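Only one chain is shown below, in structure tokens, and it's the form predicted alone.
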Amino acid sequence: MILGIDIGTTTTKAVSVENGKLVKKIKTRAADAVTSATGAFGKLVLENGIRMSDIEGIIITGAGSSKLGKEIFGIPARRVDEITAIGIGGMFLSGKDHIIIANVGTGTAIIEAEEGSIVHLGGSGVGGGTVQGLAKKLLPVSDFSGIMALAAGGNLKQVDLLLEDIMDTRLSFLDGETTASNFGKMLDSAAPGDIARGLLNMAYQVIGMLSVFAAKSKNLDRVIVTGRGSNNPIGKQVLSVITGMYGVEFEYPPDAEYTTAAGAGLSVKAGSSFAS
């Protein structure tokens, strides 16, 4: 059994991998990398009755992985590049051998993955961290559950400048409901829910358009969305609108939030020794 641990900036995920298959998964939060990694390890082992003797090795990745040594509780550990882990995990979870991945976390990474080649195409600092950071100044809440609750009843027409606000006709293939400028209207009457909706709309429009450009540049018509941000229902609505405009499909594989941890664990091919 191999354990894969993804130490993110806010959340750490851990999975167990056996014979090339994802078996168990957990997530946890802690203030520093060492506490996150050891806490995730302990939670995975204890909650699933895993015996230490069954663990061949641990593969770590993510923002805090460089702060850990070559062993965790006496079990050999090694590090894999986060981009590589996302690529391996994305191909495995999606079942596709050539894909564009939008990994949405605190920020967003755009990756092209195919057998033998995983390339970081770029990305954006816009992600979940952007929404939460702006919420601290603009909203009465900054936790994601609170933001989502506010945004559920929000009206984008209170905050975003739409094409219908400045034009009487369509522009190219864009209709009047298309955003001309995020927060370009921002009426005095805008309520917290409207602002919350505007924040999520802005973030996922940026993520969606970067993904579309990446997919089209590689002659692909779909993007695999992974990371914690793949579970956002309002974000999915925004990306669905972008699909209707540009013909690029967004897919959300099962366990997408665990893509990076899964890719770390799967970076040791089934049947191979951890030491090889």
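Quick note: we count residues from 1 along the sequence shown, nothing fancier. Source: prediction; values computed, not measured.
The discussion below concerns the form predicted together with a small molecule, not included here.
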Please pick out the stretch from 157 to 165, 106 to 114, 67 to 75, 91 to 99 that is in contact with the small molecule in the predicted complex, where contact means heavy atoms within 4.5 Å. 106 to 114
Of N48, N231, Q237, S217, the one that lies within 4.5 Å of the small molecule in the predicted complex (heavy atoms): N231
Identify, from the list T178, Q205, Q132, N182, the residue with a heavy atom within 4.5 Å of the small molecule in the predicted complex. Q132
Check whether E82 has any heavy atom within 4.5 Å of a heavy atom of the small molecule in the predicted complex, and answer yes or no. yes
Heavy atom to heavy atom, is G128 within 4.5 Å of the small molecule in the predicted complex? yes
